[in-house]
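One chain follows as structure tokens, the form predicted on its own.
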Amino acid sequence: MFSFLLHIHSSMWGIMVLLFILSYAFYRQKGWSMALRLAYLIMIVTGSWMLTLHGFPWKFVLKGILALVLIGLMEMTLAKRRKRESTFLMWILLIVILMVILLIGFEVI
């Protein structure tokens, strides 16, 4: 069961990044951002389920908190894009937090 959840969760990370880039590029089309929000939901559910099965180790709880921060930053970046404001700092934060999350997820950190 854990292996199945892990495959869904890790696949959704790649899909989420792709959907975020598409949502950013085609910010006038709402379909991409709706699909992105569905990816958020699937990631949160599978991540919470894996945390429960694993017994809530502190490293993965931290990863979950950072993932929620990343989701918030993605939504804020898309909102700034729609308002045509500068998103440079948001992109820097997104990339840094995404790298930290991936390093924790692949157990490099």
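Source: prediction; values computed, not measured. All residue numbers are counted from 1 along the displayed sequence.
In what follows, reference is made to the form predicted together with a small molecule, a form of this protein that is not presented.
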Are all three of 9, 48 and 70 close to the small molecule in the predicted bound form, meaning a heavy atom of each within 4.5 Å? yes
Quick check on residue 30: any heavy atom within 4.5 Å of the small molecule in the predicted bound form? no
Is residue 82 close to the small molecule in the predicted bound form, meaning a heavy atom pair under 4.5 Å apart or at it? no
Does residue 43 make contact with the small molecule in the predicted bound form, using a 4.5 Å heavy atom cut-off? yes
Report yes if any heavy atom of residue 13 sits within 4.5 Å of a heavy atom of the small molecule in the predicted bound form; otherwise report no. yes
